[in-house]
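One chain comes next, on its own, written as structure tokens: the form predicted on its own.
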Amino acid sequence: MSTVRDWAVPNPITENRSGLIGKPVDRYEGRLKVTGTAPYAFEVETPSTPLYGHIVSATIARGRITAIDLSQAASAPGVVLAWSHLDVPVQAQRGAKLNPRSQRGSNPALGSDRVEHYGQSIAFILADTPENARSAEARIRISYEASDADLDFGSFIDSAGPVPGEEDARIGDFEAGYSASEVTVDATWFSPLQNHAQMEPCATTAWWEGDKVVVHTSIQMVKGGQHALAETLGIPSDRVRLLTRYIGGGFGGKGQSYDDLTLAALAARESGRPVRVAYTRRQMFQATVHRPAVQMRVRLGADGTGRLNAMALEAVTHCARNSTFVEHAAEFARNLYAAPHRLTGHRLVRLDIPHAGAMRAPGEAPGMLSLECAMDELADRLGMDPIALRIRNEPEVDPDNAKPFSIRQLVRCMQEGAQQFGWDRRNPTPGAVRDGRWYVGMGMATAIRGNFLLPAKAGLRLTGDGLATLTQGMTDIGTGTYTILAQITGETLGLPLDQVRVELGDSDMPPAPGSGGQFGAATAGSAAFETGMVMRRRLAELATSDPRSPLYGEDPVLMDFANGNIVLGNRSESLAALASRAGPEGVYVEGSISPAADARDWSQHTYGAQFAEVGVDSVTGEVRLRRMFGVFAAGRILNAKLAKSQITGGMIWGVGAALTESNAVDPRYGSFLNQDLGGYLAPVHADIVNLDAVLLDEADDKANPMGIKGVGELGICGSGAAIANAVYNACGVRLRDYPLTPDKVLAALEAKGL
């Protein structure tokens, strides 16, 4: 296992002699995607003509199936088979694990007559075409016995229960500290249920090769999907080969497998043919996870100078009745601001709706919509600038655990952001700036997101044509993993990018944890770097021990790598020549990364500051973004173009959370009201203008060998709060119920007599 001291020395990445690290390289797989030739899970070539599966969904919120007749569906044109819980092949019980090392337990489909939520899979039809499979659904005869269902989050907030195995986090005496404070804020915010709305629906193509199943599926975690399917089918995991080469968006919604994976594998085995299964767009909203609604009570107490004395964040969120997922919306606050008396905790409401789950920046995204607005409100009551208030409460060590920060540039983010945004031109008096019928205002918020490193491996082969091929069971969900791994490999071996090949998304490859939690680049990239270093040592030893090499007899430690050669002084040999002499398969090595032995000794996070200017229409209540700017500190940047794309994409997501995104549950059926990309209002091009971001120069040598961190989720954090704070500065309306839609804004303006 590596140590931090090992990581802190110069290496090919920190020296960056070839200049590949940080360079805005175009996407490795970009041409394939824009030309439509990158095969997604539903599109991969099959060994023979495939069949098509269609999943039938429940139309009640809770109850049981009392009768189901598939006979007419089974005899419909083109139909090969039709299953319900009565005749689906045997699967392991939910959650069962034959192998205790499996990352996921069994996930059976059509497991019983019980209906736990609207949209649950209750039948499956396999046919020769997608059209025939879907049309056969109309021939199914089904009867339900419905039970009373708990559907409305707001109705059960007061009776929310504790999170199993979790206690409130307390430091000092919050109640006493809050009571003794000169200036206080006590307010409650609400953020609604949201959906991932990925472009590519969850889909699987499966076929069997003897007793081994091959599945191409759209999932973020390769090993998790492989293990879940193996446990469901009751077979060893090495008899499941899972591939996920290209993914059309995940955002956490594809962090787990769904019934498309299970049913495709079962149907392929039963029919002896390849099978394709994809959820419809409507099913994606009901059958996959969503971000739960969150109610957040924030209490802040400060002295007259703005120094926080007490801080409390208490979140109530929901999950499915048989689930324990928790949106930890208060947890981030433990590491953000200094205050001697602190309280954070979470409560759960169990509902009869689809499972809640992780969605981009889980916890921070909804949580910062409250705390960062509460800080703005406190600054207003104190008559302080919001940035000055935050700097006043900047901690010297992590306020939650007293650990030193590995590196923390939050103040610099705020100061540089304020200077570049023109914060000094902000009028602190709400409603003081008008542009015709528009109120105009500015707001800001900070951003924080934890940094993680997980164990991972990679393989690297160098062949006689000078081509280096990196292989890893990692995924690229559109974030640029292919590209940054090529840059890391090229820089480590001194190879140009046209001599580097990257292959990902295959469970037969050395494992990596997948894309999610903002740990993907740091984890997969560090494993790729360590594997490249293993290859360097191997090649140096081959060269210096081979009498045919001009470097024979030299110290392998002194070797350098540049321009496709291994070099010492004025002598060199091409890597291609070395690989050719090694044998027809060239040279293959594997490497791995694990957290450093002292990783827990440091508090590691990424940071940012978000600035927004908005206009509020005094007639309609519409809020429009006029400009937005962010400054972020997220370790060494591997690819300037991709990192900025991720950060600004996150900022746009935050705009949606503040102004447009929500979904409601229909109290009659337990279904979501918005079930397509037309009704679910995410921001579009016309909503986003003058948005930009800057990433600070930074390298965190406590994080990993390259000093890199993740950026995929940081951009969301605080973005929506900056918008809400700008709305208050524009018109004096402090709204705490997201999204800030025109009807809510207009009602608040009218209540103020504006």
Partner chain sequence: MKPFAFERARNVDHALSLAAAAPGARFLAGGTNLLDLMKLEIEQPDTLIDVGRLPLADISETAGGGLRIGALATNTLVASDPRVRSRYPVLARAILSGSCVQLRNKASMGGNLMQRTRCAYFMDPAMPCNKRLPGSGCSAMGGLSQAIALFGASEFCVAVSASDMSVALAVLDAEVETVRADGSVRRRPVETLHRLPGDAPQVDTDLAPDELILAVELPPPPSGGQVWRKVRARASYVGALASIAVAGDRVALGAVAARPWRARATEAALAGGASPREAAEAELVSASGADGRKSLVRRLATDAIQESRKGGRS
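Residue numbers count along the first chain shown, from 1. Bear in mind that the values here come from a model prediction, so they are computed numbers and not experimental data.
Separately, the form predicted in complex with the partner chain exists; it is not shown, and the next lines address it.
- In the model of the complex, the partner chain lies farther than 4.5 Å from every heavy atom of Thr46.
- At a distance threshold of 4.5 angstroms between non-hydrogen atoms, Ser594 is out of contact with the partner chain in the model of the complex.
- Interface residue remark: Tyr118 is counted as part of the site for the partner chain in the model of the complex, having a heavy atom within 4.5 Å.
- Contact check for Leu746: a non-hydrogen atom falls within 4.5 Å of the partner chain in the model of the complex.
- A heavy atom within 4.5 Å of the partner chain in the model of the complex is found for exactly one of Arg437, Lys212, Arg600, Arg425: Arg437.
- Taking Ala180, Leu673, Leu86, Val557 one by one, only a single residue has any non-hydrogen atom within 4.5 Å of the partner chain in the model of the complex, and it is Leu673.
- Judged by heavy atoms within 4.5 Å of the partner chain in the model of the complex, the contact stretch among the candidates 101-109, 548-556, 677-685, 143-151 is 677-685.
- Candidate site formed by Val34, Thr37 and Arg245: none of these residues places a non-hydrogen atom within 4.5 angstroms of the partner chain in the model of the complex.
- Residues of 54-86 that come within 4.5 Å of the partner chain in the model of the complex, judged by any heavy atom, reduce to Thr59 alone.
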